[in-house]
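As a starting point, one isolated chain is supplied in structure tokens, in the form predicted alone.
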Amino acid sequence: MSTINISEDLRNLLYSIPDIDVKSLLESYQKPIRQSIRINTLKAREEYVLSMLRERSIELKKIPWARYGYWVVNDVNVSNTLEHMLGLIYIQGAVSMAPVEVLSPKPGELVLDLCAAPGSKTTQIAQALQGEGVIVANDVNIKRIRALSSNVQRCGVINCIITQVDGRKFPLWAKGFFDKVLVDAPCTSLGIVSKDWSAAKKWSFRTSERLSKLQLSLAISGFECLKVGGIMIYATCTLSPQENEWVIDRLLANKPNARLENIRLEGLKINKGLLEWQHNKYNPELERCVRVYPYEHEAEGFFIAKIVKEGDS
């Protein structure tokens, strides 16, 4: 384990989180994430696309927690297929599909994806809306918005408005406007190290703390954009409590009308949110949040919180 090149700060972090199997985590970092796709029913019926893929001898296995999600069983690069290029399928991590499944958008709803690029979850939300309602997909970075726009068009999404704004400013014109909000916040990416080892080599407590302040601002902004009775999902693909539990603990302290709800997804192995870390005690409600570790599904690591807006504070 000593030969694995991770920062000293990251090593200290991993051993400070009680429910992480550090050996299994470091081993998972050295393996590729299991390839998975989502069938895009905005373009064609699920069974039709599945039959096309079967004709190409692509073997699939259903992902139990994702309505249209499938693992690719055999060694095939689906990014080279016509189905991918036409937007009939979307290459997306299996656990990456979970936040939108928890958000559960319904046709006719107004949905905000506050940190949307490159569009995996935006197109998944649009699929759930079935062409009814509106999704506002926002990102601050113009280069990333180009990827977002390309993916939205490739997937045949027609009810999406793309905006380029600092997400912290959204309540200035959209306070109390949306039925559902997704804040898939920028983070230190410790759940996807096998895609980019630099995340592990460069990780520091200082960077994580700096990001956590941005994440809290985005979470508060997203919450303010919710209608009363609306639902917000806060998600990251990192493991740091500073970017996860601390953010939600501060959100609850800032917004007395915010309430956490339990998260259950069939077949997804989950760990409860931490109630204490490095002498910091968090709101007991945080056990309703979930942590998913990379070694549990040969997939990404994620943190997910489901927040309901009860009434104006």
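Everything numeric in this text was worked out from a predicted model, so none of it was measured. Sequential numbering from 1, following the sequence displayed.
This protein has a second form, the form predicted together with a small molecule, left out of what is shown; the following refers to that one.
Chemist: Looking at heavy atoms inside 4.5 Å, which stretch does the small molecule contact in the model of the complex, given the options 128-136, 239-247, 72-80, 160-168?
Modeler: It is 160-168 that comes within 4.5 Å of the partner.
Chemist: Exactly one of 218, 102, 232, 200 has a non-hydrogen atom within 4.5 Å of the small molecule in the model of the complex; which residue is it?
Modeler: Comparing distances to the small molecule in the model of the complex, the residue within 4.5 Å is 218.
Chemist: To verify the annotation, which of these, 207, 149, 194, 120, has a non-hydrogen atom within 4.5 Å of the small molecule in the model of the complex?
Modeler: By the 4.5 Å heavy-atom cutoff, the listed residue in contact is 120.
Chemist: According to a 4.5 angstroms non-hydrogen atom cut-off, is residue 110 in contact with the small molecule in the model of the complex?
Modeler: Result no; residue 110 lies far from the small molecule in the model of the complex.
Chemist: If we define contact as a non-hydrogen atom of the residue within 4.5 angstroms of the partner, is residue 141 a contact of the small molecule in the model of the complex?
Modeler: Yes, contact at 4.5 Å.
Chemist: Looking in the model of the complex, any heavy atom of residue 114 within 4.5 Å of the small molecule?
Modeler: Residue 114: contacts the small molecule in the model of the complex.
Chemist: Is it the case that residue 186, even though its partner is missing from this view, gets within 4.5 Å of the small molecule in the model of the complex, heavy atoms only?
Modeler: Heavy-atom contact with the small molecule at 4.5 Å: present for residue 186.
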